[in-house]
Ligand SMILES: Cc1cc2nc3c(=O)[nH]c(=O)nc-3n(C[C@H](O)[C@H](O)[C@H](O)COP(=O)(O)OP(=O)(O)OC[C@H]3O[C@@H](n4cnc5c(N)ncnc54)[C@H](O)[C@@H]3O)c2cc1C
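Take a look at this one chain, the form predicted alone, written out in structure tokens.
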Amino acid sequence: MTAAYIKEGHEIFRKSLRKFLEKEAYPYYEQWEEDRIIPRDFWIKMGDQGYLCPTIDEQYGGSEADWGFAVVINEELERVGSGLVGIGLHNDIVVPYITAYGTEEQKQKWLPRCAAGEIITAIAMTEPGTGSDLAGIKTTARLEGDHYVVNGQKTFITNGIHSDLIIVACKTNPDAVPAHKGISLLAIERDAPGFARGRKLNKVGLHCQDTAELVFEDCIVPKENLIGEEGKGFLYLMEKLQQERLVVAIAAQVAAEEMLRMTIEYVKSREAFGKSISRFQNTQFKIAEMATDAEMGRAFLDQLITEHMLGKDVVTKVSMAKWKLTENARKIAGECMQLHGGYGYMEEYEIARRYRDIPVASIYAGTNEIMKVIIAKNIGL
């Protein structure tokens, strides 16, 4: 059944995007995995076709499309491979901070180039000693005349190597009580004095996605690069994390559907003891269980996307979807690898890559343990 938010225009758009990806992404994805990075020219091609930032206003280079088009983009990119997650982060997580809280000057300066793929964005929250406890970040930004001086480190930053514009969470008032009221967001550009990239991190999965450490040593940032108001950074982060977690849930659901699809194809073609392994009851039961989990996950997700697009407060449901759908995908990855037998452990079979890629979805954008804390609090516990 087609989701309520999907209209004819979305389906036409999906066919066009799929055709583009079949030409520009699928043939090269394994090479990108080996190279440990997605080439910048792919971003430019995405921008040329209108697949970057489609929801922003036309005056800034967007299409003023509804968020359903963003969902289609995230789904089709995930079908290629989870390592393309950095594009969804750019489109639906980082750029919205500029559209929602940026000044007109900031929008005119950055958004057209974000939509064209000339500027790749990142968001820097996590630090070497601070993960889920955002209020405990140590990076500071001290205002001196017409600029901020930023000092600190960030880690696990998606798009960390390619990024030209990074939204950095920092303490503009380290003495604020409570601590979260001292957090502000600064947009730091690639050529900012005192900004350097650390290591490109060697991850278990998502090999083609560039993840890096960032270092700020007396980094000079114009005060015009403040996003929104000083001291409201934590509030802005909380407002936008709903969509970020929904993007993660979408990717996990698609990954689960793809793993199930490829496993059904495999068990039908593979024979043991003189018959297809799809005819064994254990195989049928495992597939039936996974198919049910995937179907239920899809129904919940599509309803949630519809409510989000209507502007409803779905923080609790998003937290549920983020933890449950990522857990579903992790479980399905293990079951599907098992059904592939020894071949599932071989790199030439896609299930091996999927098995590596999916675990991090239960960690980033807020760990699944944090999701359960949010759910418990919001249902009155």
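Note that residue numbering begins at 1 and tracks the sequence as displayed. What you are looking at is a predicted structure, and each value in this text was computed from that prediction instead of being measured.
Keep in mind that the form predicted in complex with this ligand is missing from the display, and what follows is about it.
Although the partner is absent here, A124 sits close enough that one of its heavy atoms falls within 4.5 Å of this ligand in the model of the complex.
At a distance threshold of 4.5 angstroms between non-hydrogen atoms, Y266 is out of contact with this ligand in the model of the complex. When contacts are judged by a 4.5 Å heavy atom cut-off, T140 does not count as touching this ligand in the model of the complex. The shortest heavy atom separation between I157 and this ligand in the model of the complex is within 4.5 Å. Screening Q153, T283, N74, T130 for any heavy atom within 4.5 Å of this ligand in the model of the complex leaves a single hit, T130.
Think of it this way: in the model of the complex, this ligand has a heavy atom of just one of L89, L84, A255, L165 within 4.5 Å, and the residue is L89. Using a 4.5 Å cut-off on any heavy atom, the residues of 355-372 that reach this ligand in the model of the complex are, in sequence order, V360, I363, Y364, A365, G366, T367, E369, I370.
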